[in-house]
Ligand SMILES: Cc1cc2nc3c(=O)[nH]c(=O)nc-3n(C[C@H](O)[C@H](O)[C@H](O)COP(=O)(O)OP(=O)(O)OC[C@H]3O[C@@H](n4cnc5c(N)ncnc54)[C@H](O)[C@@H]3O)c2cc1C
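What follows is a single chain, given as structure tokens, in the form predicted alone.
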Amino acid sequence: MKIIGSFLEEPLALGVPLKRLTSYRIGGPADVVAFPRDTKALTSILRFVKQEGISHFLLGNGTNLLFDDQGFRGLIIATTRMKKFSVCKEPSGATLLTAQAGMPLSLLVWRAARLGFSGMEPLWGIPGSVGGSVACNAGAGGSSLCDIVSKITILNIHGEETELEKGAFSFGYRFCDLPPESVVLKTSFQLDRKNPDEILKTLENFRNIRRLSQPRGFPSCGCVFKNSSNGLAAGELIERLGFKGVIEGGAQVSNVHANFIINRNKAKARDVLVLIEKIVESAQNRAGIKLELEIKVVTSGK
């Protein structure tokens, strides 16, 4: 691990509780955490861990994740300090906003609004980072990132930096078809010009909608399940099955939105997983619907 430390501007962090790095506030200690500040450091680290076969996990803002109570045996690579932002004009005349993987998506939406760039407003309030949000094609309010992405710069499996224009990859529901084992380094978005004051008013409207429709005051990781293919929203299905408000240990199915499982009182990962298992079994047995997780469950050795 000393070699990895040489790629950074600061020492590696040891034994960091993952609950400090996730929106769920759940997770045991990670053996080692690295915080690269630029693409060069991230590239060097990824090349080394792949070459040496070191167990590792790339972490953005820690949303949409549930870490094991035992923590993580290996290296966590946190991109939270990689959040440079730029505006540039393409030869075609189009203006692109480019953000590194670690920039919080909501911060990017806010900056775009202040600069008079419209198109990201429905995404306001999504808690993830740019890299993670693009990789899973995050969306809200009938809009998804695939609507505005122009190009993505990735680090491929060989440790090479590659820029992919839109059309070289495809998007699906909470899915982006990037090359296997590739990592999003930065993303460029093409947006429309608009009066900043009008955009900020729209942002406020979306903010109010989220306040009324999503739980507040308790840690969570957003929607736990994907919506089913039959068009029924997962939250509505879970509510119909009678799980709204159900408690397991320190975790609870939200009374506000049933597709949120909140950390009500120092919840453990096992509390959340028990609720997930009960909901999945009930959906299959009583409604004939196979629910798929939208969150990623990370065990201690993977």
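Just so it is clear, the model here is predicted, and its values are computed rather than measured. One-based numbering along the sequence shown.
Same protein, other form: the form predicted together with this ligand, not shown, and the subject of what follows.
Comment: 181-189 is the region of 181-189, 89-97, 109-117, 226-234 lying near this ligand in the predicted complex, near meaning a non-hydrogen atom within 4.5 Å. A single residue from the set 48, 243, 35, 260 has any heavy atom within 4.5 angstroms of this ligand in the predicted complex; that residue is 260. 58 is the sole member of 256, 58, 276, 41 with a non-hydrogen atom lying within 4.5 angstroms of this ligand in the predicted complex. Contact between residue 74 and this ligand in the predicted complex is not found at the 4.5 Å heavy atom cutoff.
Although the partner is absent here, residue 238 sits far enough away that none of its heavy atoms falls within 4.5 Å of this ligand in the predicted complex.
For residue 65, a non-hydrogen atom is located within 4.5 Å of this ligand in the predicted complex, even though that partner is not displayed.
Though the partner is left out of this view, residue 282 does not reach within 4.5 Å of this ligand in the predicted complex, counting heavy atoms only.
Contacts between 128-151 and this ligand, taken as any heavy atom within 4.5 Å in the predicted complex, involve 128, 129, 131, 132, 133, 135, 136, 138, 139, 140.
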